[in-house]
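Just one chain follows, in the form predicted on its own, and it is written as structure tokens.
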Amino acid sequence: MSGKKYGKVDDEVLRRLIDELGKENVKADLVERYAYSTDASLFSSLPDVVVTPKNTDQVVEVLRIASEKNIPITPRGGGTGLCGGAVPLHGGILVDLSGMNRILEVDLDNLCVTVEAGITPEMLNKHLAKHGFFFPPSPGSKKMCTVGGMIATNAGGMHAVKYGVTRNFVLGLKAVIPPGEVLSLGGKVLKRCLGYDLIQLIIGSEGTLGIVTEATLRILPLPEKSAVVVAYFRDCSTAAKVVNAVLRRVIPSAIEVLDEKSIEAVNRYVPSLNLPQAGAALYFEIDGSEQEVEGQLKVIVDACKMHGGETEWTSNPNEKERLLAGREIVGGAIMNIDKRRVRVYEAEDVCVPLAQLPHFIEEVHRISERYGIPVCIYGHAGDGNCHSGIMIDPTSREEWEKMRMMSREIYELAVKLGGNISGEHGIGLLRAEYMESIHGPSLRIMKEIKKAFDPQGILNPGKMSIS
């Protein structure tokens, strides 16, 4: 399917799109199309037209036109993806779902909520908080990303260690597939044993199997109490030992790590935070009943002190925000560690078994030293998901080449240690070249599944090495 010839968006297609969606929801101007040519990745490609549907019926009409004319379609949410998943590689029609952001139903009796794909998790949780509930998955881009995008990439975030990832909270989906057919999958029940689970197949498929327009999601009661513990250690290896010691006794809602360079970056970015100079920092979030929180606090503080950690904790809401600030801003902070360098999102989302975390961090530091290119490591220590922020001089061809070699070594290291090349950000264009070596014969099966959903190969073509 990758070498096939696609149809073009001509005047007839534009007229039909305007007839179905309204002129205000069809953007063909070059400036408007340019704004949709990239996501948060390094990749870019112009769509031929951008449409902003307001409901599932309009998405159906777009797919009918695209199927009839054999035009590629790229679904897009908040545009926060780091792997090029929302980049329209073959032009065609880009479908911006961010305007479909309504909460359709809050069903507290069945502990679920039904939403349109364009709603952000932060917007959803602000609404749910009024009812005393929340939707646990918490990606770093929660203010801007969409639930549809989270489903497309099976997003995780800080709270995965206790609550799981997006797929653990999806009960039902409405998805549109070529040539304009609506799949209504699942519902409000927690259990199903009804053959192949197409919901779980669509989750993580990055828009290559269908366009998700609505989702029914599990929600949970807000915890009675929460607290934060921050501890500083002499090195990452010691911090990793503390993580293992804690998880053998309690499961915090989040365990985050910053390495020494990340701590330095935070202090340069916001000097007023004045984080202690240390080899590593751990951030623990705890929630539950008052008794549970008090018990977990004791376990965590004792484990940190036993390993020489300098510890601070609080359950005060304002103080929690202050203690968590270093972790919250680290992504932006490392972009400012050296004005001559920029962060390149390569090899920044690997996941390794917990027991291998200290070895992985040590080896990435060695790779950094060997190539002479700085790397700041931070991420979700509770589930082994590390973000390696590689910083290069963008004007240096040599450093671009070094960065690519470093990335390959980091990916290979993660796989060698029993991990994988993406814990939550997905494959898209960025990591597509690794799919065959990782999956082997199972990639062929994935391609056959793709054909069953999308025989023309028009849904997000070129992504994940699937088409």
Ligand SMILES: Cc1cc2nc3c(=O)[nH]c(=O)nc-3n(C[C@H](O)[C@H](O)[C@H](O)COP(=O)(O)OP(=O)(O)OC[C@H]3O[C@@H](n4cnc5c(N)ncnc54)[C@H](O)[C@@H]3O)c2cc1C
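From a predicted model like this one, the values you see are computed outputs, not experimental measurements. So that there is no doubt, residue numbering starts at 1 and follows the sequence shown.
Note that the form predicted in complex with the ligand isn't included here; everything after this is about it.
J.: Which listed residue (Leu258, Ala347, Ala381, Val212) meets the criterion of a heavy atom within 4.5 Å of the ligand in the predicted bound form?
T.: Contact with the ligand in the predicted bound form is made by Val212 alone.
J.: Which residue among Gly85, Gly326, Gly92, Gly389 has a heavy atom within 4.5 angstroms of the ligand in the predicted bound form?
T.: After the contact test, the surviving option is Gly85.
J.: Please pick out the stretch from 219-227, 199-207, 313-321, 106-114 that is in contact with the ligand in the predicted bound form, where contact means heavy atoms within 4.5 Å.
T.: Heavy-atom contact with the partner occurs in 199-207.
J.: Does any part of Leu282 reach within 4.5 Å of the ligand in the predicted bound form? Heavy atoms only, please.
T.: No - in the predicted bound form, heavy atoms of Leu282 and the ligand never come within 4.5 Å of each other.
J.: Might Cys145 be said to contact the ligand in the predicted bound form, defining contact as any heavy atom within 4.5 Å?
T.: Contact with the ligand, yes.
J.: Considering only heavy atoms, tell me if Val161 and the ligand come within 4.5 Å of each other in the predicted bound form.
T.: Taking the distances in the predicted bound form, the answer for Val161 is no, it never comes within 4.5 Å of the ligand.
J.: Could you confirm whether Pro374 comes within 4.5 Å of the ligand in the predicted bound form, counting heavy atoms only?
T.: Heavy-atom contact with the ligand at 4.5 Å: absent for Pro374.
J.: Are there residues in 150-180 with a heavy atom within 4.5 Å of the ligand in the predicted bound form, and which are they, in order?
T.: Residues within 4.5 Å: Met150, Ala152, Thr153, Ala155, Gly156, Gly157.
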